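Just so you know, structure 1 and structure 2 below are the same protein chain in two forms, each on its own as structure tokens.
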Structure 1
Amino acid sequence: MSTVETVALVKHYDNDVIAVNSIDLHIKEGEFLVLLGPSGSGKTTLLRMIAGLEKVTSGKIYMGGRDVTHLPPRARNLSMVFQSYALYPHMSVFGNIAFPLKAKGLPYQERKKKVEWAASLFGIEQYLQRKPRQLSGGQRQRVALARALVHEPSVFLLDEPLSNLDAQLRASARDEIKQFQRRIATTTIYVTHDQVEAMGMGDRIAVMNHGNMHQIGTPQELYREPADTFVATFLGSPPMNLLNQKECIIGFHPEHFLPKDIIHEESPRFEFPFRVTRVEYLGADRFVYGIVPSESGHTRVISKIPSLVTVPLETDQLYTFAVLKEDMKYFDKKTGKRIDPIPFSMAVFEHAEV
């Protein structure tokens, strides 16, 4: 176990791509940090620099307070699970899991004990003699995980380890990894582009785009207080609605955009005209797609209504929807950063005094 810290970490590739742009991260001991961002945002590059597989252009990396910026991977006592699992095809499952122990010069008997321990954690004891090509995707992933933890590293790095699994397996594997990490409490950095995965697994989430860090925080913080419009629109399914105003950009989650009638009369709120174009019933929720008309143009907006609310909604009808004042977010028009609430010019109805 150890902390991981990056200070002003930068990576330029030869082709002038700035893959990682001055990233400051501080990962606490035993923390599960998720690096979240769309494809090409620099997550893998950042992870590979932390692993020591990629040269750092500038900046520093510390592990447990020790400067490891220029140390090779083997001097960092970490383990990594690649997206491809990178199992050694010429070795048996046993050989694969024992490989990191061999590097440490452990005698055979101890290696055997540890491999059996790691294999039993993931329920793959019966496959120890098989070759990787004789395993299913889920089994391979378990072998990769067992190999990653067998030598009890101080940091765990995982690069989209679930993206090669089918949806069903993914959900159970997500659970398993999370539980397992809780148990061994090893500092973990987990890369994904899937915000649902990130929200479900991370103690904290670091949101990246174009090599820049947009926000680091707990899932609740990201949800309640997104730092900018990128974070706001990247998280949540469906993501936050944004409306362009003269003074600023306003934003609200679909689940906060509700028919006016079901909001308590006394609550301070903003009201919007809403023309419904399509309604989707999805079990527990109703997704209502529509348009908020205004002078600056029509904006597509989604409302997510719990199915307990049975207000009838017809397509092509104009309704009045509302957002509680406390649920409204404000963003700067130029920078996209979140700002304190300011009055905006849209014709709104503020019911009660604040």
Structure 2
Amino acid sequence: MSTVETVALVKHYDNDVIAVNSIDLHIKEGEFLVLLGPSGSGKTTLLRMIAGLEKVTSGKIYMGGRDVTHLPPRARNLSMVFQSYALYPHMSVFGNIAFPLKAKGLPYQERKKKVEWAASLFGIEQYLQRKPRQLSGGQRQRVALARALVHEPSVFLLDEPLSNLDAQLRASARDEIKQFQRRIATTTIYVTHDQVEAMGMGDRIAVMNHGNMHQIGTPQELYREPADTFVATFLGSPPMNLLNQKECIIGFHPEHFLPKDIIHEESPRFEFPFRVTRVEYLGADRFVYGIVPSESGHTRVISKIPSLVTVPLETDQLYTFAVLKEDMKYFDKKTGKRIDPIPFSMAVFEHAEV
């Protein structure tokens, strides 16, 4: 295991594009950190700099307290799994997993022992003599993970390793990778654009956009206390509702936006006229789509209601929904940054037509 630290890390390209803008990270030994962001956010570039595959424009990278900023990948004692898995098609599964050990010059019997150990961790012992083309997508993914692990790296880097799998297989693979990482306790950095993956797997999540780090914290911290409107709308399914008001932007999660009759009458709350436009029944929950008034006119919002709550809701009907004051978030209109609660006028809601 090893700590990983980046200090004011910057990556510029020749056309003056800033891919990574002064990133400070400290990843603890054995931690599973997820780099989360949309395409072009800089998360993969940051990972590749940590791996030594991209040159650093400025800043420092430390592993286990050692400055590795300008060291080649082979000198960093890490392994990386790519989106494509990058398996050698002419080699067997055994040959693919053993490749990094053979490159180090380990004797055959020692290679065989380590390959069998790594294969057993991922349940692919029976496929060691097959070629990659004879495997399913999930099996190829396990081979790539076993190959990355076989030389027991101090840091494990994964760049969107599940993006080629179907939805059902992705869900099971997420669980497998997380359980495996807990078992071996190797420091892991995982890149994804999928917030469900990030929330389900990360000990902490670092949210990036346009090369900048917006917030780092546990999944619970980021969801409950987003640092800005970008984090608020990038996490959660559905994401946080935002309403533009004169004084600020107010935000609330769909599960906190409920028919007023199911909220305790004495609880301090804000009430909103809400015209329902569509209702989705999704088993355990109902997603209720509609509009509420805001400074800019009407804003579309979503309510998430447990299906066990049997409040009748019809499309194109007007209802009163409410949010507890303690569940309301506030953001600066100019910067989008989270701010302390401030008084704001509810007048826009009192006589509005929706």
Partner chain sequence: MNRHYWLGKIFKGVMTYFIVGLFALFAALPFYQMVIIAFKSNADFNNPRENNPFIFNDPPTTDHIVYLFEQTEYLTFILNSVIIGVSVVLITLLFATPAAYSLARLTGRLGERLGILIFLVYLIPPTLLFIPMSQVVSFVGLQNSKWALVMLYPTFTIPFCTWLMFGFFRSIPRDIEEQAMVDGYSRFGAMWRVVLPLAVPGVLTVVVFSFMLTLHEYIYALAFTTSSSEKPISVGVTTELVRGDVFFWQSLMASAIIVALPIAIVYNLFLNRFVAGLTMGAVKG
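Residue 1 is the first residue of structure 1, and the numbers go on in sequence order from there. Take the two forms, superpose them, and find the largest set of C-alpha atoms that agree within 1.5 Å; that set is the rigid core. All values reported here derive from a predicted model rather than from experimental measurement.
Only structure 2 is derived from the form predicted on its own. For P72, a C-alpha deviation below 2 angstroms is recorded between structure 1 and structure 2 after rigid-core alignment. Once both forms are fitted on their core, a CA shift of 2 Å or more is seen for A103 between structure 1 and structure 2.
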